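Form predicted alone, single chain, as structure tokens, below.
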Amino acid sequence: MLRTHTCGELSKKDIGKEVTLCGWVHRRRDHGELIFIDIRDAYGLTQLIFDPKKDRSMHKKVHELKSEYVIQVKGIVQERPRGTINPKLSTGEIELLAGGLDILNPSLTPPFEVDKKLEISEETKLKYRYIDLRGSGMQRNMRLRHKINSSIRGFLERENFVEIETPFLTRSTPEGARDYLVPSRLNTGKFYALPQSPQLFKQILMVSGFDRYFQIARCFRDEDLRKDRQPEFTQLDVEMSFVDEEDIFGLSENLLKKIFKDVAGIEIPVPFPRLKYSEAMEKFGTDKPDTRGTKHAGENNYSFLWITDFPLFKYNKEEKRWESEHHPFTACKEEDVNLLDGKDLGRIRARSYDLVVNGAEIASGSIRIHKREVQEKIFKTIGLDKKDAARRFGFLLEAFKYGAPPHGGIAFGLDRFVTIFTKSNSIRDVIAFPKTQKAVCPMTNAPSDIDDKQLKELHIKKAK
């Protein structure tokens, strides 16, 4: 056993015990012959004392120690002298008088100090992400993200949801952004696409009779990036059969109430207020209003708001055609169905909804179309003839022939949600290995060149 305790575990009750700790050299202080070292692991810090009078054999090893060396230390837990207690540390009342030291691995001097509040370029932090992740801030963010995921899974399991994984390698069905394409070696000239969302598969699962599905899903979009966007991101994907908007709102509100209670000990009031899209635009000039300080705000720092009744279509002036405001699988209001055959498509309201908190959209969803003839009409309206619709979405239309239930769902952007929860400046602060704004990973140098042998196997040639 390499260690008996973690570096955040020891307290006054352990005084007199012989223990073994492992971790990184966090900080070193030389006070004459006495050398103080803080050892750090994922759980905290413990102060070590090396007294050469007690053990001369360690003297040389101790003087070798530098920042981020990985060490194992054996010693006796003792109470800190009066006046040296550190109330900021869980181990602040004790220290370890070292009686044995092993250097498990040396370290180069890092490009920046762990937990030093210095201005470090994002490029440097991402290039040496493994150093950045050692810091207490990133450790805290990653562990909080884990707690959120755990809370989500526990809540949805109690609500009879089934977690089902959907494919990463699927066909290209562009949903507004560009697909990431993957060439097939075994099917010459054919390509898979990485999913922008599990949208079609989760609808197929409803046709399959699973009733309540969820997935913490990886999604991919080849688009221009901003601080709140990444080429690969994570969303909580939820779909239910035999539901309407009220079912989605109630489930989502209770889920968020549970997350805030579990993770932060915060009680958020439900139900959340609602605004129609037209009202939000008239009052705030945006469909993502920050309502803190208004009558729509909640008893805390998080102001939630549902935006409903979005337009079903928007007009693309450049291409002179109608497009789906969200995606072409969204149902319209029952009272607006007759407008689908008219010319004023801008008046048709969608059964879609966004959840906004503090001016940021964290979730979006809709009640879906479940009738084949209606889905075909929507495809035709946005410029897809029967041949194109069959080529791109034929498997969905085929499934709708076999008894598709009414269904709807919602997807939460987990990266964005955790960013708000942690009050971080960017979603890169809550993702373990994010990309830059140019979709590059400085640590691995992805994307990278591919050698000619691999290209030949895929029947691909580079353009000159």
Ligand code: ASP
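Sequential numbering from 1, following the sequence displayed. Owing to the predicted nature of the structure, the values given are computational and were not obtained by experimental measurement.
Only in words, not in the display: the form predicted together with this ligand, which the text now covers.
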Quiz item: Ok, Lys202, Lys125, Arg134, Arg349: which has a heavy atom sitting within 4.5 Å of this ligand in the predicted bound form?
Solution: Lys202
Practice problem: Please pick, from Ala411, Val62, Val418, Ile431, the one residue with any non-hydrogen atom lying within 4.5 angstroms of this ligand in the predicted bound form. | Solution: Ala411
Exercise. Evaluate Arg221 for contact with this ligand in the predicted bound form, applying a 4.5 angstroms cut-off between non-hydrogen atoms, and reply yes or no.
Key: yes
Quiz item: Can Gln235 be called a contact residue for this ligand in the predicted bound form at 4.5 Å between heavy atoms?
Solution: yes
Quiz item: Can any non-hydrogen atom of Ser151 be found within 4.5 angstroms of this ligand in the predicted bound form?
Solution: no
Quiz prompt | Non-hydrogen atom contact Ser172 with this ligand in the predicted bound form at 4.5 angstroms | solution = no
Quiz item: Within 4.5 Å of this ligand in the predicted bound form, do His5, Arg40 and Ser90 each have at least one heavy atom?
Solution: no
Practice problem: Name the stretch: of 67 to 75, 380 to 388, 95 to 103, 323 to 331, exactly one has residues whose heavy atoms fall within 4.5 Å of this ligand in the predicted bound form. | Solution: 323 to 331
Practice problem: Sequence order please: the residues of 349 to 366 with a heavy atom within 4.5 Å of this ligand in the predicted bound form. | Solution: Ser364, Gly365, Ser366
